[in-house]
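In C-alpha cells, one chain follows: the form predicted on its own.
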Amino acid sequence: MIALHGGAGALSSQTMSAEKERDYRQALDAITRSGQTILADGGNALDAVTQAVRLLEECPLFNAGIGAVFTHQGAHELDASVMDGRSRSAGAVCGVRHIRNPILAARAVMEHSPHVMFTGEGAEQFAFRQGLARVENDFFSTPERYQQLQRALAADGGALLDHDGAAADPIDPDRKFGTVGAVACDSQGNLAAATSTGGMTNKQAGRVGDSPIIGAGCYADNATVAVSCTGTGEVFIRTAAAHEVAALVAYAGLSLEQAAARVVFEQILPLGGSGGLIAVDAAGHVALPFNSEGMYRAVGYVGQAPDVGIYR
C-alpha cells in the first residue's frame, strides 16, 4: 500500500469551487495509482514513494517543485528527503534552487554518496554530476504563488504558511502547510518514506523546516514505521516528530495509530504546532492524523481504488 499527503491546514470550503476541489482529488488519485502500479508490479516501497513525490513536485497544485512558494527575496528554495526502511539509509537536500526534482537529488545523495544531507550549491553540484535535470529558478514560479508573495509583503511582511489567496484552494491558504510526502509498504514488508517542500511564503532565504531533516519530517524503519510529516516545521523539528512515532511503537508498545495520534495531538499541539502526518507499518496498517481542519491525503492498497480526502 501507499499513502500520500499534500499539505494540511484550516478549512475554507465555502471559498472553494467544485472544479478546484475536483482538480485536487483527481491529482491525488492519479498519483496514488502510479504508486500502486509500481507496488503491484513487484516494485519496492522506495521506488513507489520516490515516484509519488516526484509527481507531486511536478503538479503546480502543491507546494513542492513546480508551484513552490516564494521566499521574501523573491526566489524559490526547495527541500526534500527520503529514507529506506530496509537499511535506514537516507538522503536529503535543502535550500536548492535549480534542481527540477529535489526528491531525486535526495535519493541520489542516499545511493551515491557516503553522506545524508547536502545543502545549497553543494547539493546542486552533486545532483548535476549525477545527471539530474537543471532548471532556472523561475521554472518553479506560478502567477498564483507570485500573488501570494505580494500579499504577504503587503501584510506586515510576515511569513505565511503556504498559499495565500482564498478561492483557489480548498484549504484556507493563510493556514495551509504545503509539504508533500509519501509512505509505502511493499509486498515484502519493506517500508519507505519521502518528503518534499517549497517551504513558507515570504520565508527568509536560508530558512529550513522539518521536511529534509531525517527524524523530524521523514523517517522509515522496517522494524517500526514509515512517516512523512506536514505542518509547523519548527515544532516538528523540536519534537523529532517522525522518529517519535517510531519510538513510541518500539519502546512504549503503542500501535501505529496510537503512536501517530499521540505525537500529533499530545506533542505537536501543546507547543502551538499545527499539521499532521501519514504513517504505515510493515503489516500495512495506516494512520493519517492531523490536528488542523483538513489535510490533503490519499491511501491506496494494491487492487483497490484509492481513498482520497481533504476534510475531516
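From 1 onward, residues are counted along the sequence shown. In this text, all values refer to a predicted model and were calculated from it rather than measured experimentally.
Keep in mind that the form predicted in complex with another copy of the chain is missing from the display, and what follows is about it.
J.: Report the residue, out of 247, 282, 261, 66, that has at least one non-hydrogen atom within 4.5 angstroms of another copy of the chain in the predicted complex.
T.: Flagged contact: 247.
J.: Tell me, out of 142, 204, 137, 188, which residue has a non-hydrogen atom within 4.5 angstroms of another copy of the chain in the predicted complex.
T.: When another copy of the chain is considered in the predicted complex, the option within 4.5 Å is 204.
J.: Does residue 90 reach another copy of the chain in the predicted complex if we count a contact as any heavy atom within 4.5 Å?
T.: Contact check for residue 90: yes, within 4.5 Å of another copy of the chain in the predicted complex.
J.: Spell out, yes or no, whether the shortest heavy atom distance between residue 200 and another copy of the chain in the predicted complex is within 4.5 Å.
T.: Close contact exists here: in the predicted complex, residue 200 approaches another copy of the chain to within 4.5 Å, heavy atoms only.
J.: Heavy atom to heavy atom, is residue 180 within 4.5 Å of another copy of the chain in the predicted complex?
T.: No, residue 180 is distant from the partner.
J.: Even though another copy of the chain is not shown here, does residue 74 get within 4.5 Å of it in the predicted complex, heavy atoms only?
T.: Residue 74 lies outside the contact set for another copy of the chain.
J.: Only one of 24-32, 249-257, 40-48, 282-290 has heavy atoms within 4.5 Å of another copy of the chain in the predicted complex; I'd like to know which.
T.: Of the stretches listed, the one contacting the partner is 249-257.
J.: Identify whether another copy of the chain in the predicted complex is within 4.5 Å of every residue in the set 192, 295 and 301, based on non-hydrogen atoms.
T.: So, no: the whole triplet misses another copy of the chain.
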